[in-house]
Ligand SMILES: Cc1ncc(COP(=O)(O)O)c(C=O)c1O
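The chain below stands alone, shown as structure tokens; this is the form predicted alone.
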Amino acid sequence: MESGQKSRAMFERAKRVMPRGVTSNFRYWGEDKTLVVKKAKGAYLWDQDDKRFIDYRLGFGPVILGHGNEKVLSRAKEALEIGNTFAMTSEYEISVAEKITKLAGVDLVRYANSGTEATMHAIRVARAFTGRNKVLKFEGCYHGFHDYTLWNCYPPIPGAGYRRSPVLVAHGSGIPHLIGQLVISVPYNDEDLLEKRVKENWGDIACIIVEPLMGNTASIMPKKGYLQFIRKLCDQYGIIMIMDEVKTGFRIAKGGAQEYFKVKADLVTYAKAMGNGFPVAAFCGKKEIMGEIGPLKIPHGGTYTGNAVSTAAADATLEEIASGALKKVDRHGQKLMEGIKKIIDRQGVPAIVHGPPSMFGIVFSDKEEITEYRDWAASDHDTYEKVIQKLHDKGVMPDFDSREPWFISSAHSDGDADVALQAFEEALKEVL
């Protein structure tokens, strides 16, 4: 889909003052395709040319209650009346931390401004607590834009080497290769390889950081018992288990992935759905670890962490989630998943629809199961992306990137699902 005249004019204006006309590389879709938003409300957004889209990107996942949710906006406006940044603790921070501990079953909470910051701080805490330096992560998992995790997020195949001994590939230029000496990468969902690497390196491994499901690789799910296996290894070798719930937290269940998969991590990171799109994040965990944060112990700080407006928005968002907002999210997602699977089957296309209903993925592949990044990398991305382009033409907007899930909000209606399914069937037929 090509951008309209007004979007293109606004984009040209943006290019004069921002690299590629965007402030995040993922927002650049090409010179004639990059859209500029005009407004958003509920389940919809409009570009500068007033074309309306049913939004299944939701800002890469945060907008769990829909754009411009009145309860969230009202609480944020209330906060603006008392100020925003004080270099002191506000009641909103306390209230949100109380809600997080209750919903997620964690002991203590510290705030950050983004998922990147949350994982960065969690890794530092793990290193300080264990006295070790290395981080073990999984191929295809993404943990934010800092140098310690931008390895093997999206490695080229076969450039990433043999899966039993992956080549460590930086996500791009500017990431010091020396830092790669502190990172170990293994394929997801392979217990034998994971245990082998841990046994070889456990004395140096501070933490295993894991997306409980691969939210940056089309929502590949963990095999039964896999997260529990990670928990067991961490206990056995004194390693901190960090569960990166930036995408799954307060989205796939009230208590996030810890509740959904029935496993407890040592440290957990949250962002995205926590504030319905406001810039707020947190890293949380067990008292014995988090309680060591403080002067002369483990460093953490941030000028804007816990600012009143963002924590007020999180306060209202978590209230809605605690009150059952996710039931509507899951119903809508389930309807889409079942409908898309039927359409795919009718067309005789080999494909898998998997993941939780609130953030499911679609992979065009003849494999019976997609269990790791390399399975996804071998799938038919070209067909998927062509289908998405057709969907955008028809006013339905999942992300172009075949790694990204379809994100669902409580503002989506049954009517939206009907429109999206009809558009998906038409788009798939046109592409085939």
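Quantities reported herein were computed from a predicted structural model and do not represent experimental measurements. Position 1 is the first residue in the sequence shown; the rest follow in order.
Same protein, other form: the form predicted together with this ligand, not shown, and the subject of what follows.
Any non-hydrogen atom of Val246 within 4.5 angstroms of this ligand in the predicted complex: Heavy-atom contact with this ligand at 4.5 Å: present for Val246.
Non-hydrogen atom contact Asn84 with this ligand in the predicted complex at 4.5 angstroms: Heavy-atom contact with this ligand at 4.5 Å: absent for Asn84.
Gly255: touches this ligand in the predicted complex, heavy atom cutoff 4.5 angstroms: Gly255: no contact with this ligand in the predicted complex.
Contact of Thr101 with this ligand in the predicted complex (heavy atom, 4.5 Å): Taking the distances in the predicted complex, the answer for Thr101 is no, it never comes within 4.5 Å of this ligand.
Location of this ligand contact in the predicted complex, chosen stretch of 209-217, 75-83, 170-178, 319-327 [non-hydrogen atom, 4.5 Å]: Flagged stretch: 209-217.
Residue among Asn201, Gln334, Ser114, Ser95 with a heavy atom within 4.5 Å of this ligand in the predicted complex: When this ligand is considered in the predicted complex, the option within 4.5 Å is Ser114.
Contact assignment for this ligand in the predicted complex, among Lys137, His121, His143, Arg251, heavy atom within 4.5 Å: The residue from Lys137, His121, His143, Arg251 that makes the contact is His143.
Stretch 19-58: residues contacting this ligand in the predicted complex, 4.5 Å heavy atom cut-off: Heavy-atom contacts within 4.5 Å come from no residue here.
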